[in-house]
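Before any questions on binding or motion, here is one chain by itself as structure tokens, the form predicted alone.
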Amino acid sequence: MLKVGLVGVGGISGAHIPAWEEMENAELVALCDIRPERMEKYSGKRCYTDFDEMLANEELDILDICLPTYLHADFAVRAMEKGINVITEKPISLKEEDVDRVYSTAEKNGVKFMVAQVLRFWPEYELLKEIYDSKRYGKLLSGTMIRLGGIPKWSWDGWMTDEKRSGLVPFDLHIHDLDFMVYAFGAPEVMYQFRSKRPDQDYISLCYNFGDFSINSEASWYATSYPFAAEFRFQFEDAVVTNEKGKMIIYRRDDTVIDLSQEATGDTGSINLPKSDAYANELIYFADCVENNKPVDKVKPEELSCVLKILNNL
């Protein structure tokens, strides 16, 4: 049984903690946060307000880092130097040079490390990649990806709206779509970019060139309570593949429409999307790599470096 500790009991931990609790080969034994009240509802866990104390007192196999962005790399290094395998929320850092620092620490200490880039484990995006790889609907011609919402006023100490700590929209929101592009299609060239950045909002629009096709992408923190939306639309030679308004639909060239969001009926040959939790999927994957000593190759350091290089030049 893998012993797991989690540091940073903030918003995203609400997706990670239930996932760990459901896993049969792992036990979440310890939590750490500088706010003791954040841990009160998790009975049965050993709770710490000091990270070094948790590392000293617990024999952990895995540390799950759900801290603010600017703390990810330093906390990962501190844990791995203690021989602990680490999975951290995205991004690995705001600095490209931290990719080598973190991965070299993992190699030196013989432990595994992964950044939880969740779209790589999201069923709709996994299917999109499979469609592209298999050329099921011919060549990819164009794409659009959006990730839009209101400015996060709820973050602890206002860290998310502090550019030096969060990187704002490029590193908090757009990084999801850019990371998936690099993972699925390779390294792009930035053809066009526009940014409207103000103290109370941040918006970015980009066009990426992949040689045979281009992808337009938008991401925002609007200064209003704009409802969050994360969608895509990809044009292939023989179909348009969409994930919009909570539904994944394929519009084929022969005018047939495949709605992959409908509940699976159990009929043989069903191609409906699995009802799965991508946050759980990434943690299950990493735990399996640790338990069975498999390479953590779903997220590669060179891909992370590519993403950070682009974001730091916007």
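A residue's number is simply how far along the shown sequence it sits, counting from 1. What you are looking at is a predicted structure, and each value in this text was computed from that prediction instead of being measured.
The form predicted in complex with a small molecule is left out here; the points below concern that form.
This chain is displayed without the small molecule, yet in the model of the complex the stretch 26-34 from 26-34, 242-250, 53-61, 285-293 comes within 4.5 Å of it by heavy atoms. Taken together, Arg120, Leu178 and Phe234 are entirely out of contact with the small molecule in the model of the complex: none brings a heavy atom within 4.5 Å.
Under a 4.5 angstroms non-hydrogen atom cutoff, the small molecule in the model of the complex lacks Pro18 among its neighbouring residues. Proximity of Trp154 to the small molecule in the model of the complex falls within the 4.5 Å heavy atom cutoff. Taking non-hydrogen atoms only, Glu89 approaches the small molecule to within 4.5 angstroms in the model of the complex.
Interface membership of Gly8, defined by any non-hydrogen atom within 4.5 Å of the small molecule in the model of the complex, is confirmed. In summary, among the residues Asp202, Glu218, Glu124, Asp172, the only one with a non-hydrogen atom within 4.5 Å of the small molecule in the model of the complex is Asp172. Of the candidates Ala106, Met160, Ile146, Ile131, Met160 is the one whose heavy atoms come within 4.5 Å of the small molecule in the model of the complex; the others do not.
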